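Listed next as structure tokens is one chain, alone, in the form predicted on its own.
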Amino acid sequence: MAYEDYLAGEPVIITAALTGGVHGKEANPNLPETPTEIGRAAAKAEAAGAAVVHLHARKDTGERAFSTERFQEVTDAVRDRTDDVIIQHSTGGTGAPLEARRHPLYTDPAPEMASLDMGPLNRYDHLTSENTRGMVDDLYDEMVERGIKPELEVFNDGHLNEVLGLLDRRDLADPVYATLIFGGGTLSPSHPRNLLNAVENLPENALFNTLGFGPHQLPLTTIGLVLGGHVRVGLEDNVYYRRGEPAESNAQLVERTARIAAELGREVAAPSQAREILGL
């Protein structure tokens, strides 16, 4: 993907990351936590232009959940309330063992997509995710076994090397789809030049998705649009609409992205178009 894809007006896939496992309603009371809340948020995000919803599950206490049963509740709630949106489960997990991270892949039906962290990372003062190559390979093989397309999550430039390594070790189906992530800790610093550099270093013909945490969500996703890429927004990554103003909903963030894409001359992909683009 490149600037030429932007000039050609290629459709953009918007992913809505509805809720995560780090911050909860204490950060923004509009962040959905229960399966019902997540289902409603998914429906509104789809109506606003999201073709993909990135899902985490939470316990009744609001803490992150990994069990298949809880993911089944969440995914059922989303499927009941949405028309055609693509469901993408998270397999990331700071401090969680590999076995727990397999559980989101076992829902019935399986999600069409799942995230795959490409290496170790630190966030904040106490969050570490190990992600050894063995864990990456195990999760990848489980996804292939269940017909799930991996979304390769690239948290820093070293993870680009790991993408190339995975391509050497495994036969990834085209197109390779990588999310370029920018933030604090051991993530790539949030700056436009680092997004440009990461795009330049992607494998040939790979598709990319741009994710910027916090105040970097709006500027970096806008640049990602101009570079011909796809984008991810939502309350998992950013709880504010603008400085000092909490976002009203995930849909509000999706609506703004769709509006910017339209101003830039890029059509927002419907789920059916997104499936064609992603090779699902």
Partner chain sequence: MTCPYLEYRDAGDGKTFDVARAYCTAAGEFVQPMRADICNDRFALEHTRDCEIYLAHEGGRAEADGRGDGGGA
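Just so it is clear, the structure is predicted and the values come from calculations on it, not from any experiment. Positions refer to the first chain, counted from 1.
This protein has a second form, the form predicted together with the partner chain, left out of what is shown; the following refers to that one.
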Option from 141-149, 117-125, 198-206, 157-165 whose residues, in the model of the complex, bring a heavy atom within 4.5 Å of the partner chain: 117-125
Listed residue that, although the partner chain is not shown, lies within 4.5 Å of it in the model of the complex (heavy atoms), from Gly134, Gly95, Pro189, Pro109: Gly95
4.5 angstroms heavy atom contact with the partner chain in the model of the complex for Val22: yes
Residue contact check: Pro175 to the partner chain in the model of the complex, 4.5 Å heavy atom: no
Heavy atom of His56 within 4.5 Å of the partner chain in the model of the complex: yes
Distance check, Lys44 to the partner chain in the model of the complex, heavy atom within 4.5 Å: no
Within 4.5 Å of the partner chain in the model of the complex: residues from 64-91 (heavy atom criterion): Arg64, Phe66, Ser90
